[in-house]
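Taking the form predicted alone, here's one chain by itself in structure tokens.
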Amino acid sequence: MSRIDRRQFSSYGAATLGLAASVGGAQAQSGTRLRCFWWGNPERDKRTRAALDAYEKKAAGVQVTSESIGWGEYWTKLATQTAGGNAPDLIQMDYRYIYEYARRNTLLALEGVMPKPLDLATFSPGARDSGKVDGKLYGVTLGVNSKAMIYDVAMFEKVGVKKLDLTWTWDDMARIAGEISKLNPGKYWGTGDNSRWEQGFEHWLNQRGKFMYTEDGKANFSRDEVAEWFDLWDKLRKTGACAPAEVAAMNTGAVDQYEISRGTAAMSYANSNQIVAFQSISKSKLAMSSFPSTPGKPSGHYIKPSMLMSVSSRSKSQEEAAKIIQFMVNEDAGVKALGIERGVPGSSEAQKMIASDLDDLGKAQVDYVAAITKVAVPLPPPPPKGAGEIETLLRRVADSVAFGKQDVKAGAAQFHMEAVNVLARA
């Protein structure tokens, strides 16, 4: 993943602050043009464009051009445009990056356009504050989600499991996965391999009352904790409950590459809003539940802004951009156009607007987030610089353990040492 370096911003800050101070006085003018940029998928592109089209019909004289590309390319292009003083007016932002962009004065502090035209009074405190950096609001969540275990309903029913609740445990998962693996030995497994997924390890640490990173961007896990995580999945592989290394290694992180999407396992680990994407490419009926729990320990789940919408601090139409966000998160036409593709709306009123239009998956997503909210742990600090590299590092080292190139302890030592070094030089 690309980051903006300090030199790219060196000529940027002062002019930015000056423009930001002018917010509030600007009014939409006839012929106002804005740009909106997001990372997405075909479904998101269609919904976002529909929302922008609806806004253009409402706001005479306003035109919003749009552009969408994949996650990997997005941050490179956004960094280039921002450094060149040509950032889009409306920027889809991720929790992983908002601190960096906000602290470099590239995003507008939204207090200047609140409560008019932007009113977040019906947002839950957690949803509203998820876009805050250093006490100021720099992004409005377009939906919230939490991690979720996606599973094949029919395969669970074949081993006598009709439904999961939030209390199911790691022991339950091992037993169910093992029984499913026996149905089609060597070709289909109970669970995909979560040892190589950074968010899986983070969740496991959350269940132990820890965040993965400290507030100042250092590793907040020990070598022994990494070894415990690797050992858990090593045992699942050895009992046949978990897909073997050669199957797991083909999972690139794209929805269609997960084990459950390739028809090789009954469980995969993702985010709750992704259930829609998983179901769209699966012939089996899917459902979702929490990650396995540890009795007497925190759930490990937190409510996360799946995506935020921010305004460039250099936009010449900041108030109009704020009106568009207001339209997306609070007004019927905008809220319904976006639906819950980006997660459950942060506003209670917006949730009511879409309730009657939700299909079974949509209702399941809303119910899931509501249930997780009751047991959620606090939102962790945003991933520090270098976290993207550590995500790749974990995948590489976990694969080496799974393939038997090194044992659990050696793999844990390697991952811990390299992760500490990555963060130190980031």
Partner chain sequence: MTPWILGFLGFTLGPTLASLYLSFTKFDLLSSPTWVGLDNYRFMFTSDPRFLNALRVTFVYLILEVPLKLAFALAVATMMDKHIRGGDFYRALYYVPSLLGGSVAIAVLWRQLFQGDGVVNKLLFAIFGVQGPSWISTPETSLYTLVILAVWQFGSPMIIFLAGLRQIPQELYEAASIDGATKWKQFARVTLPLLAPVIFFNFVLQMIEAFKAFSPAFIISGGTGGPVDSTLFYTLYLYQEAFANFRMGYASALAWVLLIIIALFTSLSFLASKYWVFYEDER
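Everything quoted here is computed from the prediction, not taken from an experiment. Numbering follows the first chain given and starts at 1.
A second form of this protein, the form predicted together with the partner chain, is not displayed here; the remarks below concern that form.
Per the 4.5 Å heavy atom criterion, the partner chain in the predicted bound form is contacted by stretch 250-258, the sole one of 310-318, 250-258, 118-126, 175-183. Proximity to the partner chain in the predicted bound form holds for none of K235, T239 and T373, with the criterion being a heavy atom within 4.5 Å.
For the candidate set R33, K385, K363, R49, a heavy atom within 4.5 Å of the partner chain in the predicted bound form is found for exactly one residue, namely K385. Among residues of the shown chain, Y188 is not one whose heavy atoms approach the partner chain to within 4.5 Å in the predicted bound form.
Among residues of the shown chain, K405 is one whose heavy atoms approach the partner chain to within 4.5 Å in the predicted bound form. The shortest heavy atom separation between T82 and the partner chain in the predicted bound form is within 4.5 Å. Among residues of the shown chain, S68 is not one whose heavy atoms approach the partner chain to within 4.5 Å in the predicted bound form. Residues K385, E389, R395, R396, D399, S400, F403 are the ones in 384-404 with at least one heavy atom within 4.5 Å of the partner chain in the predicted bound form, listed in sequence order.
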